[in-house]
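Below sits a lone chain in structure tokens, taken as the form predicted alone.
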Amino acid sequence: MELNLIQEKFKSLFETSGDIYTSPGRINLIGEHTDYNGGFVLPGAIDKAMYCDIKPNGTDTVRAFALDLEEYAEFGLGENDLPAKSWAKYIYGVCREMIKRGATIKGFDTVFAGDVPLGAGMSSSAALESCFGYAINDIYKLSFDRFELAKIGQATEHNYVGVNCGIMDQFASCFGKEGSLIRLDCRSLEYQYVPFNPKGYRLVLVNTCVTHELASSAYNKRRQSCENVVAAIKKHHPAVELLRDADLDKLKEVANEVSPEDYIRAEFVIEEIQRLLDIPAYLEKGDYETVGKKMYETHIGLSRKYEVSCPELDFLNDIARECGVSGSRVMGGGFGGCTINLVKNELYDGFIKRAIESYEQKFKIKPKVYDVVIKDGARKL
């Protein structure tokens, strides 16, 4: 990211200089559709991030410039000052959530930009929220900890953007650590760092560049399936609150009480939670081949049991397998977006060449390729 472009724009707009803050996007190695079932996820912050230059301006007005979009917005921080521009709602929402928690925030000037690809499932919105959350917390000495900053970002999505997301994206953006993934318990928010130093391997995302319309309605249906199964199990085991509390034996007990579709979806989630719990031990040992096998298992489950894949994603997954890639799966909610691939260095060039050429030939779209490296979370530069 060209930080000097942000600084130059800030200087030309506001005739002063500010401080630079950054917060990254994220990947999730494994653990898909487990978050709303109280399970675990395994994200890591990446070397693609949002950056802002920021300085208090002594007024009650925020003056913000989105460099990537070449758009400017001004807004107050009162309850009724919601800005019209969608990107400005994120900044306003973070400020409002802090004010609701007792913070005093005045107006500031800011220019921001980023190199987190939009719509690729790397959580550019969480990176933006965490970047401003960390920056405003620092410049006004508000003393929110990183937990609270993650919750502020999540609440911004819920209350000002209209997305009912989990906490994983903001958590990874705030808590990221170079050379580590984060094993996050989505129910208790307890977390631990798990070493991720895949020597001899590269982590690469291949973006299908498609999004299928099904996504939001299908997501709600999947969620409902999980809740239906929990309700059935709870009749026999009152302690079961979420699928995370169930196992395959408890699921089998209610096979005749739930629909076949609900059953197989719950089966995927229970298996995925177990896969995630197994993986840290392999990462500790540096056994990336077994980690890769688990990634393929996740893809098969997401495609055939949870049914959130699509022809484009399955095609890229098949190519990865044929090229000898150690691990590959759909990353994110599904119905488009990226595959995440764990690739041996010596296979990388051949895999990428074949993936791009064969995908373009079949779907008449050129996929985008993003190499990612695990880096630190939100910070001042």
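Numbering starts at 1 and runs along the sequence shown. Bear in mind that the values here come from a model prediction, so they are computed numbers and not experimental data.
We do not show the form predicted in complex with ligand GLA, though everything after this point is about it.
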Partner-proximal stretch of 30-38, 311-319, 338-346, 54-62 relative to ligand GLA in the predicted complex, 4.5 angstroms, heavy atom: 30-38
- request: State yes or no: in the predicted complex, is some non-hydrogen atom of E97 no more than 4.5 angstroms from a non-hydrogen atom of ligand GLA?
  value: no
message: Within 4.5 Å, heavy atoms only: does F147 come near ligand GLA in the predicted complex?
response: no
- prompt: Does C165 reach ligand GLA in the predicted complex if we count a contact as any heavy atom within 4.5 Å?
  reply: yes
- request: Verify the contact flag for Y219: yes if a non-hydrogen atom of it lies within 4.5 Å of a non-hydrogen atom of ligand GLA in the predicted complex, no if not.
  value: yes
- prompt: Going through 307-336 from first to last, which residues have a non-hydrogen atom within 4.5 Å of ligand GLA in the predicted complex?
  reply: G332, G333
